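What follows is one chain in structure tokens, specifically the form predicted alone.
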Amino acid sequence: MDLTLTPSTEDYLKAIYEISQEKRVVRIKDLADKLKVKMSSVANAVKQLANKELIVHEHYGYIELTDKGFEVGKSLYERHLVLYKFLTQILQVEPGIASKDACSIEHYLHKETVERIVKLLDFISTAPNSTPQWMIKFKKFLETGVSECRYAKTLDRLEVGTKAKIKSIRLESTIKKRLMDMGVIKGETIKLTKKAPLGDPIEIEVKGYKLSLRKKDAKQIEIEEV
């Protein structure tokens, strides 16, 4: 049995799945209303899906998904949700536009591409904070046109003899507290005074005191050069 679907029949099958999750039965009129198409168009698409044994439909009767139809319809629906989430949450596209664009592109993306988008969303969801800083900055850039990416520099990359202001400290609480007790706090100006031959450790000066830091800890301190 050839289960190859056109973009149009994919839309119909996905719509049948969606309606079946909301109502006990699916009717031709339900599909016409949801997809905003003529009843004759729905009837033709339903016939094609029935021929592929993805649905069961008796003349003037209700539409029912077969086991295979349910599986394919669910997959199409989940693919749409992934693309919608990517467009709205990552690209910050307005929901109404994102919904239409997800419908437009979902038929033409390779399965591997969709899987990569899923993995990207899963990766972002594991961020320590609810919303990663780069997403916050990207949203601000979209709204104001001001990019903060040029400030995304960490202490380990500071040149010897250069001063910088601390923007954030992303170290574990015990190390962070120890550094803060020594004056390494947000907004404080520091100076890189020395680096070991291999760049580890480094020496900084803050409030007249000199402190030694491991390179891996310096990487967790975001700075802005002054």
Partner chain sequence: MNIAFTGNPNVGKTAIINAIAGSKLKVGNWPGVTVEKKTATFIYKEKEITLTDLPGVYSLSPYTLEERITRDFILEEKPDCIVNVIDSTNLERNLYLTLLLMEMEKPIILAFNMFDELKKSGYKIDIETISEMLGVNIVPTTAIKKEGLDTLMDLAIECKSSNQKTIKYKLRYEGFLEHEIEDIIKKLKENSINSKYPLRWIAIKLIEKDEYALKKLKEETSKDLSSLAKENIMRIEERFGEDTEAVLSQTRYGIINGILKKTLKKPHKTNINITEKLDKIFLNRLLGLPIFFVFMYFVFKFTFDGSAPLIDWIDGFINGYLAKYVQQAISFCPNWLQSLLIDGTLSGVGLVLSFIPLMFFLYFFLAILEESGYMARAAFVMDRLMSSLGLNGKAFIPLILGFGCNVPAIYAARALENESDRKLTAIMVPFMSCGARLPIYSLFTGVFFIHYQALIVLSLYALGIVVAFIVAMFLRKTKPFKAEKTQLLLELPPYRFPTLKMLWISVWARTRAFIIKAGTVIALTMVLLWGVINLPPNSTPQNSILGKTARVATPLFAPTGFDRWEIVATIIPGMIAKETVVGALAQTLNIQEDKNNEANNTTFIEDTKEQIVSLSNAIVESFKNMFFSIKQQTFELEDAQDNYKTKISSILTPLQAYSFMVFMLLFIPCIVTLAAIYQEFGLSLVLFEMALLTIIPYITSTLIYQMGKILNLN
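This one's a predicted model, so the numbers in the text were calculated from it and none came from an experiment. Residue numbers count along the first chain shown, from 1. Heads up, when I say rigid core I mean the largest set of C-alphas that superpose within 1.5 Å between the two forms.
The form predicted in complex with the partner chain exists for this protein as well; it is not shown, and the discussion that follows is about that form.
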With the partner omitted here, the residue among 50, 185, 43, 37 that in the predicted bound form has a heavy atom within 4.5 Å of the partner chain is 185
- Query: Would residue 179 count as a contact of the partner chain in the predicted bound form, using a 4.5 angstroms cut-off between non-hydrogen atoms?
  - Reply: yes
Contact test in the predicted bound form: residue 199 vs the partner chain, heavy atoms, 4.5 Å:
yes
So in the predicted bound form, is the partner chain close enough to residue 23 to count as touching (4.5 Å, heavy atoms)?
no
Heavy atom of residue 157 within 4.5 Å of the partner chain in the predicted bound form: no
Assert contact_stretch over 50-58, 64-72, 188-196, 27-35 against the partner chain in the predicted bound form, heavy atom within 4.5 Å, equals 188-196
Contacts from 160-177 to the partner chain in the predicted bound form (any heavy atom within 4.5 Å), listed N to C, are 172, 173, 174, 175, 176, 177
Q. Residue 204: CA shift of at least 2 Å between the shown form and the other one after core fit?
A. yes
Once you overlay the rigid core, does the Cα of residue 173 travel 2 Å or further between the shown form and the other one? yes
Once the core is aligned, does residue 68 move its Cα by at least 2 Å between the shown form and the other one? no
